[in-house]
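Quick heads-up: it's one chain on its own, the form predicted alone, in structure tokens.
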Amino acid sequence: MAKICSNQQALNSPYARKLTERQCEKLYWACLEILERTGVHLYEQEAVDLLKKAGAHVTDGNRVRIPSGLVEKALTTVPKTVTLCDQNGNRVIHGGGHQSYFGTGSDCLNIRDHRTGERRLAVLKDIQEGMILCDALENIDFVMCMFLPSDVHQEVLDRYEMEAMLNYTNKPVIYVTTEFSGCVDAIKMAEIVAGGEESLVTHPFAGCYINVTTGLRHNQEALQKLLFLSGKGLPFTYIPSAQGGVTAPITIAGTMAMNNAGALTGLVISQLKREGAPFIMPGWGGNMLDMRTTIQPYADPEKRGQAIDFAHFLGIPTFALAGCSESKLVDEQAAAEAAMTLFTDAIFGGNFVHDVGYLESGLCGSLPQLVICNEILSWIEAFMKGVEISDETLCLDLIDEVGPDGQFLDCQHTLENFRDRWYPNLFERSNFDGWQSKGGKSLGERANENVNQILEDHKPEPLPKDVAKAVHDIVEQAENTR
């Protein structure tokens, strides 16, 4: 597990920000004005009723204008960190502050098959193999389903995704469901694995990724999931979608204001439903539609950093986005964009960083690309640790002992400490002859081999047979009622 953390002053770790406190404050005031002046449309009556009872102004049945005081109050009750466990109940993720954890994305329609090089529709086996790979990769901290399986009934594919994640990895899960009933079933499965409803609340290992239509239009299924999970005290992300130039202003600031007004709407509703309900807000902001291609880019530089700064200003954990690329292949562009986005999210301190391994602006995934990203994360972790300057590490006595004409290769100190330096697993460091003697393979070829080796050798800890059967029974029930 990477556990990459920026701004650790004791270790002098690297740290960056884009927005000043004054800019964050102005953005926050803009969000409050949008909520009070323009308001939001809510397509779930319970959410409207909760806000109306708390003092919000409701017109036209579901247009809700939210007073600033409700936002201010919600910020006093929302937790500043969100903890996720592994399926054995060990607390492995403490999302908050500047601590970064990294995971895959969800719902890619296609996969770049590492065995054939073919771009094809994803199937359930791809999810299963992806989870085995994630279980083995030390710098992948949580999992999402990665792919949409085309070989199961589409009405219940989210149940198959959840079952695969529970069966093929022990790591924390962030799941996506196509409708509210899928969210309910996902929690039933998680409660079975956890050993009961209370056990899942006290040791949560699953969080829901909730997408919202826009910052000002909150669809029924998103609100139903929010209310259900808040009522149980279970974690979720609440991510309004904003496309600059289409569903939001083209300017970064305008898109940020609309998007975060929507996130704060979700925050208020969650805290009205249950004070102290865990809540995760967007960690990217300023999205735009590429007006030349009509593609919504994933790896663009302009949306990076400021949303994480704003969430830190509010003291709310973030769901960030990195390790992705617009490239159609596992190539130089894919590696460059993955590295740049992972580095920026780490140095700004995004908390739950997803979409690692994405290609083609989120339409395609790749297992070798995920392996390459794992190596990039290893590099970033070593970079972010900072440097210890102390009497012990300065080694002045040793330098004096060896003197101007000596060397340190056969020193006991070197033997005892050389393993503390960073060494790559996938990146090539041999000289030319050494590289050639190993086959002269490219990074992509080495990544392919690494994927095959892991899939052959790694055996995730299986669920107990009775638990696995109970989980599958929920999938079968959904199949029978579709």
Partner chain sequence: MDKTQELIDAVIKGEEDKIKLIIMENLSAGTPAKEIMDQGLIAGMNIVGEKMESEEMFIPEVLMSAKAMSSGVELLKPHLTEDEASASGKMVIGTVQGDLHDIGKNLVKMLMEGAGFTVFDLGTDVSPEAFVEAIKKNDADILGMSALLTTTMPKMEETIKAISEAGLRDKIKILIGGAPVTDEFSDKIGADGYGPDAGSAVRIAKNFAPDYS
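Since this is a predicted model, take the numbers as computed values, not measurements. Numbering follows the first chain given and starts at 1.
This protein has a second form, the form predicted together with the partner chain, left out of what is shown; the following refers to that one.
The closest non-hydrogen atom of residue 109 lies within 4.5 Å of the partner chain in the predicted complex. For the chain shown alone, residue 294 is a contact residue for the partner chain in the predicted complex, at least one non-hydrogen atom being within 4.5 angstroms. Of the heavy atoms in residue 90, none are within 4.5 Å of the partner chain in the predicted complex. Within this chain, residue 85 is remote from the site of the partner chain in the predicted complex, having no heavy atom within 4.5 Å. Stretch 147-155 is the answer when you ask which of 391-399, 147-155, 407-415, 193-201 has residues with heavy atoms within 4.5 Å of the partner chain in the predicted complex. Contact check for 230, 260 and 263: none of the three has a heavy atom within 4.5 Å of the partner chain in the predicted complex. 243 is the sole member of 77, 224, 344, 243 with a non-hydrogen atom lying within 4.5 angstroms of the partner chain in the predicted complex. Here is the short version: of 99, 178, 378, 333, the single residue with a heavy atom within 4.5 Å of the partner chain in the predicted complex is 178.
Residue 363 is the sole member of 330-363 found to place a heavy atom within 4.5 Å of the partner chain in the predicted complex.
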